[in-house]
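As a starting point, one isolated chain is supplied in structure tokens, in the form predicted on its own.
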């Protein structure tokens, strides 16, 4: 068992159920023009285009992922519906037209942003008035006890180092979204039963010791955010 074509750690047991869930939670509708920012190998985008009459621009920093995504898109016969390119989603306005998208989705990709405010500002510029931003990702837990908080920070630092991440703070992310001009629709924990088997097997296979030999702790919260660009 591995991530298959959907490179996400927070998932139900079925990959198909996950992609169906993402499609529903992000509110995708027929006719939407969608930005998939940090698209991986386009597993979710392919599912979206197979089940909704949508067009998708997908972007990833990895040339390998672009190649794999294009092969998968071609096999699915979706070349006219999904376009994937290599690029840095921290510089979205240099990659795409402004006010061009109905939806922007960040599916466990926002946590890779070294400059998150730049990412959110770019997404705001690219969305049409009334367009929506959907983020599904993990956010750092907060501990009141100093010793617990210190250990939490040690684990997060290890996670960031191993997976080239910048674990975000939910509070700071919300402030940046509001600063950018987005209007909150909702913020909620993931609404499915989390199956950690894929994630645990991946870490075991690669020998990642995220807890420095100590017992595992819950270091993050899986959260979904849905925000809207105002019409006026």
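Positions refer to the first chain, counted from 1. Just so we're clear, the structure is a prediction, and the values are computed from it rather than from any experiment.
Here the subject shifts to the form predicted in complex with a small molecule, a form of this protein not shown in this document.
Q: So in the predicted bound form, is the small molecule close enough to residue 108 to count as touching (4.5 Å, heavy atoms)?
A: Yes, residue 108 lies within 4.5 Å of the small molecule in the predicted bound form.
Q: Is residue 87 close to the small molecule in the predicted bound form, meaning a heavy atom pair under 4.5 Å apart or at it?
A: Heavy-atom contact with the small molecule at 4.5 Å: present for residue 87.
Q: Residue 60: heavy atom within 4.5 Å of the small molecule in the predicted bound form?
A: Judged by the heavy-atom cut-off of 4.5 Å, residue 60 is in contact with the small molecule in the predicted bound form.
Q: Does residue 7 make contact with the small molecule in the predicted bound form, using a 4.5 Å heavy atom cut-off?
A: Residue-level check for residue 7: yes, a contact with the small molecule.
Q: Which residue, 112, 81, 103, 151, has a heavy atom that falls within 4.5 Å of the small molecule in the predicted bound form?
A: Residue within 4.5 Å of the partner: 112.
Q: Only one of 173, 180, 167, 65 has a non-hydrogen atom within 4.5 angstroms of the small molecule in the predicted bound form; which is it?
A: Spelling it out, the residue with a heavy atom inside the cut-off is 65.
Q: Which single stretch, out of 202 to 210, 49 to 57, 180 to 188, 36 to 44, brings residue heavy atoms within 4.5 Å of the small molecule in the predicted bound form?
A: Result of the contact check: 36 to 44.
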